[in-house]
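Shown here is one chain on its own, the form predicted on its own, set out as structure tokens.
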């Protein structure tokens, strides 16, 4: 079971049999003699180390855990969630290639795909997050589809299995950012994804006290990304890997609470007269509810609402909350409010914001681990003030 696998994952060999993996704050790993060095270079053993830009024992234990949870052959940890998103694109695409991505997506990822990689003559097409839209956008030079699962911030759920089956016919790589679901709620590889990426800052850490990312997939794909990043250097420090490894032991308990509490809060808000819309994938009102039930064990900690009011109402509501605090990110113990029109899209032209469905009354909410009745009371008193 998932809970047991979190506590007893595979680990690299440790002659001291430490209960918790050791932290190796070292850039250099020594060899006893030339014969040992030659054997290492010849065998390319991933559980023997030379220099921490290429691999570290602490990081390797975290990679084995993530691969185990995602049911993949291998995994690779990197310096941030953004590194996890950009490295597969930079590794597998080249000048003249084409990538498809969805319109509902973390803005920095979208900017990288839509704008930054133009410098390398890589073309892109943005489509609404539906299987049919993606397939209709395929071109002869399409080499990759990059999607979030669910998407952010409106939690659309793409019908993953038939999409992956069609993409394989065209030899198109499917990369899935599964940060919002976590391996507790879904394993995209089981439904045909080629690579799964995570911001480990979120559910794996659960504390909002570090920045890290991970990529999981076949040994072949992961090895190519690892080699490429050996040149780029988006490396995760061993001390950070250990903190994630330690925090991940409570992932299942936290996810269960997030799933149950957020669904209850989504239902409360859906029935509130001062809320126009609620977006939560496991709520029956969501347009992708039936698809979400096929793939997701739960909806996680995030929901997005549209208040029945203007920007002043949004400001009043956010300023009136006591438990919910204003800040980016999600999946920590603390509940957070993220008004995207200010937090992430302030410099995006209004015309473009509206195309992304980001309005002056849109608010993303991250439900933490506080008592659910206290959270509902806080939302209620804040809503009464608008």
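Small disclaimer: the values here were computed from a predicted structure and weren't measured. Numbering follows the first chain given and starts at 1.
Keep in mind that the form predicted in complex with ligand PLP is missing from the display, and what follows is about it.
Contact annotation for the candidate site: 248, 252 and 368 all lie away from ligand PLP in the model of the complex (no heavy atom within 4.5 Å). Checked against ligand PLP in the model of the complex, the residues 201, 241, 72, 102 give one hit for a heavy atom within 4.5 Å, which is 201.
Taking 176, 87, 134, 212 one by one, only a single residue has any non-hydrogen atom within 4.5 Å of ligand PLP in the model of the complex, and it is 212. Look at 186-194, 201-209, 90-98, 269-277: in the model of the complex, residues with non-hydrogen atoms within 4.5 angstroms of ligand PLP sit in 201-209.
In the model of the complex, ligand PLP sits within 4.5 Å of a heavy atom of residue 81. Contact between residue 106 and ligand PLP in the model of the complex is found at the 4.5 Å heavy atom cutoff. Looking at residue 157, you'd find every heavy atom of it more than 4.5 angstroms from ligand PLP in the model of the complex. Contact annotation: residue 317 falls outside 4.5 Å of ligand PLP in the model of the complex, judged by heavy atom distances. The partner is not shown here, but in the model of the complex the stretch 143-157 reaches within 4.5 angstroms of ligand PLP through a heavy atom at 148, 152.
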